[in-house]
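Quick setup: one chain, the form predicted alone, written in structure tokens, and binding and motion questions come after.
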């Protein structure tokens, strides 16, 4: 269905216009810009909710502004069941983290000035933040590999500058590390995409006229199809921080300013998982069928490795970075099942991780801001007495990661496991898969609740943990809205579930995938 107005382009342009106005606004008057930015960033999730309420997610929505370029394909923006929860995750987190950024970044800039540095203004911060946010939205809306890559590169530039300008520690070196690693992933994806597009004659992966995936084109590549698919998949693995491609993530996500960590980890890395499901699975179904079990065992390795290393961390933000690696393993696992229910679980996992991990990074930011940079878990303890609301919201965040009700994480893990066992119930793989599922879930529960206890319960282990009592403000209230939305999606999952399944069944039908 074609929209009557270019609403998807408007949802990208409006936040940028608001942020451009804010570049010249003095820091002490920036609050209004941040709130206006939050309102405009909420537009996509409102569109998703309306489409779900009207039952339009299976059919999809196409923006009327599009360009047809010979040899390249169609540049267009769309929204459908497969992208709906990804768009919702990006929209909700970027909107409420914008409000969260007001007190956090004021404190951070004051710290930098006291240290003799001259950081760019808050207006510059919110412009870069806006560009980062809308680039992620554009990446999900895109229907063409070239347009996808343009938005992918646009996410990289502002996030690199935000780390370099406002991060912690050796932030310039870490920003360059982040830039180099993630750019390598992007270029690997682009190399495969260019070979594909030049041989096929265009770079489209979604037909905007019928809202159906482009399939069968890999046959035109002959024996090169496997290597093209491998390049694109490995490039996305770097962006997704899958085990073996994850080395850059703990440094960048731990030393970025916390509002940006709350976008990098929950939102950005999961977009590579969305790209696997949207682009590579429909175009290269035989590749995924051939290497299905390798991908499943790689996913389990990512889940368990990330979780075990997270348990060893003493820095709260590094702990969250490694737990993000573990959570991406679940997303890869759902996609690797090559079943509609498994991929549905993977897309719900994106939203669950986005909301849950945003809450936890924002929790870390509360302590960094209000307890003079407290990040060392060994110096925490007893904080639930001082910060009861923050503790409750952090618990909700951990429940997202573990997959416990009333969080949407319950649905994601349930559907991923259902998809996994659909094909292995009567095979020799059944016993090892059961064991791996048990270990993976135990590891996730362990790193979540052990860390919850270490931070919020027992006796305080330092003077910093006793410094002050919680006075809820913009930091906590923005977290509260995210926490509430996680429960809302848990209760109102049905239209999104059916919209996802309808699109995935259609994709499998066109791609000739069983399941």
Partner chain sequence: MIDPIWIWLTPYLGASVLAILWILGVRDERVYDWVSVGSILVSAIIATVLLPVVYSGHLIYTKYSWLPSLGINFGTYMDGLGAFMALVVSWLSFLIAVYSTEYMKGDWGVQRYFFFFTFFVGSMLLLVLADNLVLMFVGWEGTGLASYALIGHWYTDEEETWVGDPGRKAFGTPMYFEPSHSGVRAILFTRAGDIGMIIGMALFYMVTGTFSIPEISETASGWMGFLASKGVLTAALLVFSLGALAKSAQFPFHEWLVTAMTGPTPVSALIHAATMVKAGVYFMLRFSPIFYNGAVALGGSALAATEQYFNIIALLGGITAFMMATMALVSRELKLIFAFSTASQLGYMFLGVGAAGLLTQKELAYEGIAASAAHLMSHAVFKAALFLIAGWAIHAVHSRFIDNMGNFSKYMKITTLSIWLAGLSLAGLPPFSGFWSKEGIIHAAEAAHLESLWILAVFTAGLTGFYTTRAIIRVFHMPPYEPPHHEAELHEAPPRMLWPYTILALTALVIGLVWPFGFGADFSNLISRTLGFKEPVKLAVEFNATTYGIITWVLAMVLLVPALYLALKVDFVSMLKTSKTARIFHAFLYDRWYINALIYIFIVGGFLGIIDILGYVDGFIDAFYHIGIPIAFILISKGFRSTHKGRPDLYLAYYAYGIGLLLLLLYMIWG
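Quick caveat: nothing in here was measured; it's all calculated off a predicted structure. Residue numbers count along the first chain shown, from 1.
The discussion below concerns the form predicted together with its partner chain, not included here.
The partner is not drawn, yet in the predicted bound form one stretch among 353-361, 236-244, 201-209, 158-166 has residues with heavy atoms inside 4.5 Å of its partner chain: 236-244. Within 4.5 Å of its partner chain in the predicted bound form, a heavy atom is found for none of 154, 187 and 224. In the predicted bound form, its partner chain sits within 4.5 Å of a heavy atom of residue 458. At a distance threshold of 4.5 angstroms between non-hydrogen atoms, residue 414 is in contact with its partner chain in the predicted bound form. Although the partner is absent here, residue 148 is not a contact residue: none of its heavy atoms lies within 4.5 angstroms of its partner chain in the predicted bound form.
Not displayed here, its partner chain is kept clear of residue 293 by more than 4.5 Å at the level of heavy atoms in the predicted bound form. Proximity to its partner chain in the predicted bound form, defined as a heavy atom within 4.5 Å, holds among 112, 131, 377, 395 only for 395. Of the listed positions (72, 194, 230, 445), a single one reaches within 4.5 angstroms of its partner chain by any non-hydrogen atom in the predicted bound form, namely 445. In the predicted bound form, just one residue of 330-365 lies within 4.5 Å of its partner chain by at least one heavy atom: 341.
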